[in-house]
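Provided below as structure tokens are two forms of one protein chain, presented individually as structure 1 and structure 2.
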Structure 1
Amino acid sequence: MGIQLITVSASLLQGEGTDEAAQAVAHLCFARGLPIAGRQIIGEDEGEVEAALRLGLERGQLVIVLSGSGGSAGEPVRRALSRVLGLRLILNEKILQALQTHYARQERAMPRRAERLALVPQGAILLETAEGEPGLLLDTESVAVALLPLDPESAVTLAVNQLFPLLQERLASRLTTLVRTLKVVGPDIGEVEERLGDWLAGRADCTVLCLPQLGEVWVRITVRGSAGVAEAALDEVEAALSERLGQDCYGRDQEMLEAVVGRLLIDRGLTLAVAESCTGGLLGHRLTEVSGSSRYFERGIVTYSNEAKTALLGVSKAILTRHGAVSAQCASAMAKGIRAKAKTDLGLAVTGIAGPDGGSEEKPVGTVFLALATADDVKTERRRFRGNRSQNKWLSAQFALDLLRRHLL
């Protein structure tokens, strides 16, 4: 019997937004060896909540309900829960006081209606942190139900600091599930599957999956076994797969390509500047998502016009006339130009056609040239992507980062 997650959000049924809170909680549970057995998403409707709760309780020993926006778990959820568990709704003094304090601080009278926010099923334990929204726990002999806020940060904080400690005994299990994701850039999913071959058939204690992502492939290893044994098995499988993937595997789990590149730059003591055209700033943006990137990232220049390419990067008019702004020659001149102007060790450049307009027969939409300039060399690469504008920008930045990564290795 596992954990069942229920998200109460009509927006998600309408295809708006992503179920961030459920993903965060699922990730957290999984990382602790507490796998989620199933997820449901329903609207803010008392009847639907009741049906989902009944189903969740049939299937799991712990049901986590993510609900409410801008407050604790909503009224229909608490009413449905009291009915399903056969508990009366009573006024919680602590919640009531918090509400009164809230209104007093604003020097406003508390509306009569607000009192209903303090009505909770009898026996509910209030989950709260210094900051963020509160939650509730109903812990009966046979089952437990937790109500957590839809705000992912509050939900995770409450789960880690209050819910898991309170449910420690119930959740203890002798079997543990471990997962590791190897991240691969370069070969496509077919090539990765080919290389992993027999591993994809899996074995009794372990499954290996290949998952396509934009501009990369994730190889997910899942191992289930008793504590101690599972860890060793996971390491063994990872070592075997890593050998087959070689340098195409850039990292694992939460590691981002931009962070891996950043670490390599720090290790080698090198600085970097970038010149972008079609990526419009995305390459610099990704590099600077990494905390501490100011140690190696000196500047970025986004030259969307030919004039800017000449004025800021010293790309000659002859190159632009003869080969065009989307050419290996232009990429090379941009990389050399930014490196010289910024006085950095490395210069990385991207120029291409993100689309949807601007393509030609010779250079269709998605054609991109990458260049990396070092003290004594410039390396260029021609690529052809087949995504939409946004995907082509992402893929251009991705393979520019990978060009740099492979140079640093």
Structure 2
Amino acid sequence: MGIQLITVSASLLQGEGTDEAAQAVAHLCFARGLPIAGRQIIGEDEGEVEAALRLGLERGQLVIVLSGSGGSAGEPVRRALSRVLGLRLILNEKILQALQTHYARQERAMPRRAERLALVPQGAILLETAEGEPGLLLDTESVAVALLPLDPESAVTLAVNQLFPLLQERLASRLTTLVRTLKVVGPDIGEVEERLGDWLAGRADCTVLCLPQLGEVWVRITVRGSAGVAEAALDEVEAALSERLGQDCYGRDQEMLEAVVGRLLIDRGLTLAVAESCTGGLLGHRLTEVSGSSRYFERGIVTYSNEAKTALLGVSKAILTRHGAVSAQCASAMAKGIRAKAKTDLGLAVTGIAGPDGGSEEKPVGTVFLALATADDVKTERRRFRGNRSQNKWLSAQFALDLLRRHLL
């Protein structure tokens, strides 16, 4: 069953914004063995919407439409859908009540024209969450059409918690293709391929590919078969590959390295502070992008100049004079300094030369020193990256997080 995915957004056609909701929904479908067979981005003209719906329904059994919740986007979609499927528009009391509540909170009378936003095709199932925009599902004998909001968080929540469970019987009746991605940090793609060896040769019902990413290697497993058989086979292959990859495999699918580190810190009841130089705050940013990071992340300090390293972290002038700001000794002093200042269990530091200028024969551009301070010890690492400035900053933060992850393991 190929999915037809339609995004209704005039701004996207004009090159404004990003199609985050469609990307997130496509990933959810792909992970469930539902490939995206067709993709359309259209404006909010009702004729365009109707044409896109007819094309999608001709080509697939499941059409997912992402659009605004009302007004210029949501209204033409529902009207066009009702014509395409030959259904009347009826008033949905739940949506009407939600609209009335919305206007009442603003201490405004609801305009009569706003009632049209509560009109839905007859037989539509309302998809709701505690917070966020609602969606709709029309499930007929031959096709299913889902309307999801353009807000990525709402779209994902509705798809996972309501849309896919409601379509479970329809989806379970076909052969499936399941995909899982194992994420590896540390070894390069050549080493990962060497470890996996015979798995890369390919089998009738399973393929394994290694894909290079910035600072990572992704091992993508694709298994084909009936729903129950494919799920069991996927788990079996994942277990076998994970054993070969060992601790270099930090997670799978949508998991991010910073989120994995955060869970480990919570599990061990440890707190963290970071001191950064060449990354300019990127390390702290990635750590705090994780919801709930306040449970373990105490503070981050960007000490770009030598003076800041001395004043804020207590790095001695002797270290800076003798070894330089880009050195194992400086990184070690930064990690110990931030740990002492923040009174945390761990202190993580990074200092280096992001480029494109500032390198030397002894310390070329891309040279980075990482340090992790604990109550008993300080561990340092020297790395050499060969990307551009932005890539070197990302890689510096990436391997600082990995240094922390391996310590926590």
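By rigid core we mean the largest C-alpha set that fits within 1.5 Å across both forms. Residue indices: 1-based, along structure 1. As the structure is a computational prediction, the values presented were derived from the model and not from experiment.
Form assignment for the chain places structure 1 as the one matching the criterion, namely the form predicted together with another copy of the chain. Shown in the overlay between the two structures, fitted on the rigid core, is a CA shift at residue 323 smaller than 2 Å. Relative to the superposed core, residue 281 shifts its CA atom by less than 2 Å between the two structures.
In a rigid-core overlay of the protein, residue 86 has its C-alpha displaced by at least 2 Å between the two structures.
Per-residue C-alpha deviation between the two structures, core superposed: residue 23, 3.5 Å.
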